[in-house]
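Only one chain is given next, in structure tokens, and it is the form predicted alone.
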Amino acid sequence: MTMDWTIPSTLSDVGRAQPGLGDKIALSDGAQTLSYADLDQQIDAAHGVYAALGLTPGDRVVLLLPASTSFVAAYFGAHRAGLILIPLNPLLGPDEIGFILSTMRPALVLAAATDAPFPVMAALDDLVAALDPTPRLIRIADFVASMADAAIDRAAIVRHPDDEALILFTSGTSGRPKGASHREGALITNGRHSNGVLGIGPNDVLLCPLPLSHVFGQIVLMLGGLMAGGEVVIVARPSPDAVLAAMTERQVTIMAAVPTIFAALAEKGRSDPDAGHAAARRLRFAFAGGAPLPPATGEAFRASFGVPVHQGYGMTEVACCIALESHALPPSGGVGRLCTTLDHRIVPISADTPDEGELEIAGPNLMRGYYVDGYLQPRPATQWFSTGDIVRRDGDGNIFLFDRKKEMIIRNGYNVYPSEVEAALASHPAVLLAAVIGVEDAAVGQEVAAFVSLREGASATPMELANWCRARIALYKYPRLVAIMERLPTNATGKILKRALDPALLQPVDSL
């Protein structure tokens, strides 16, 4: 079926019920399914609630909500009202939330219920009450109830493309979290570009097993999917069973996730091939981001679901994509070509490898600057931004992502990229997930240390895993310290949290 879909040019128009297409499904979350007409009405109702609360264009609204249709209505309702959104992950701790609220001074905090399964929710009333000025705090159930009586005939606010629309906070791994400020026009440009490269259109059904507070789920899937006129399927708690059920029920055509979710799905598909085949009946494209995808994980997913996994690369400061693999080309093993919306250069880490080094980018669709302790530090649009990521570019322009510069291990003067060791470990038939870090060592500077979780029913010893790597990568790269764990710690997106790995669990591997 061909649909005459007009791509929205402003955030206030995203989610509109276009003529003749109001009955088309826009959104589902397991609890409810909304057509574009339904979603349009809910977004207008959310706009009406914001206006009734006295909020005016330019006011800041914090969304402290899990992924749901209510999140989407509140998010785009705020854009129609000309408000500036600050979506925060409800899994953040009270200290982190308190710091952001105190420095950013929002007019409204829209939050999940007090008894929701997030530690900050029980403390939120006290956190908000301690602020000066004190913002409004509304729980989502009360907000949704107010939408039923809200005036929905208000004219949408249309911002200038250079106006601030969104503030996304970094994880704060190197100190206090910082807020990346984004322009209205940059968000629309990024959505258009990613949709074009990924081939997303109004006939597509997109699976979103990611938090909408995070740039990957929020921009690529939620914003991009609705801009394209597709259907967005939210899976707030992405267990393999829940993901397969949503894929089967909604007949998903495109899915995007982090590598750990692909690994879990591949394992589920291997143990239950019928469920995998039913889920992938209409699947035409799978897309990984958030961390490098081990080749073995991509191959395992292809074996279970019959679809290869392409990759992309982005970050909060770009909201979101830096490089993407085209849907029309076979996977390259890298993250695709740099987005045409960006200028870039590679700063070599060695004169011997001019095409390998730290990636720097520039362009008008980067952030306006960081909010540091509540104050915006503007950055010129033409200023180079250091990504902190080590990459390699091949002759066709494909980018291959190694690791964060700060995570590179230097052992006896040799550079070791954790992702290369992780890929070797992931190719072992017993390994489900692997994470590699550097541990200080008096003899070699840093020792290569591996944390591994195994497939259900599988077994392996630290010595066996070290020998496996030794046969596949350079002798200075294989792990001399190994920990086998029941599961590896992950964040809300499913990305492995390396800072939460405990070196005390590591076992030395005998000299080989």
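Numbers follow the displayed sequence, beginning with 1. As the structure is a prediction and not an experimental result, all values here were calculated from the model.
The form predicted together with a small molecule is left out here; the points below concern that form.
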{"property": "Partner contact for Gln311 in the model of the complex: the small molecule, 4.5 angstroms, heavy atom", "result": "yes"}
{"property": "Exercise: Val335 in contact with the small molecule in the model of the complex, heavy atom 4.5 Å", "result": "yes"}
{"property": "The small molecule contact at Thr387 in the model of the complex, heavy atom, 4.5 Å", "result": "yes"}
{"property": "Interface membership of Lys24, the small molecule in the model of the complex, 4.5 Å heavy atom rule", "result": "no"}
{"property": "Partner-facing stretch of 93-101, 191-199, 313-321, 266-274, counted where any non-hydrogen atom is within 4.5 angstroms of the small molecule in the model of the complex", "result": "313-321"}
{"property": "Selected contact from Gly224, Gly77, Pro209, Gly290, since only one has a non-hydrogen atom within 4.5 angstroms of the small molecule in the model of the complex", "result": "Gly290"}
{"property": "Arg368, Arg139, His214, Arg159 - the one with a heavy atom within 4.5 Å of the small molecule in the model of the complex", "result": "His214"}
{"property": "Leu401, Arg404 and Lys495 all contacting the small molecule in the model of the complex, non-hydrogen atom within 4.5 Å", "result": "yes"}
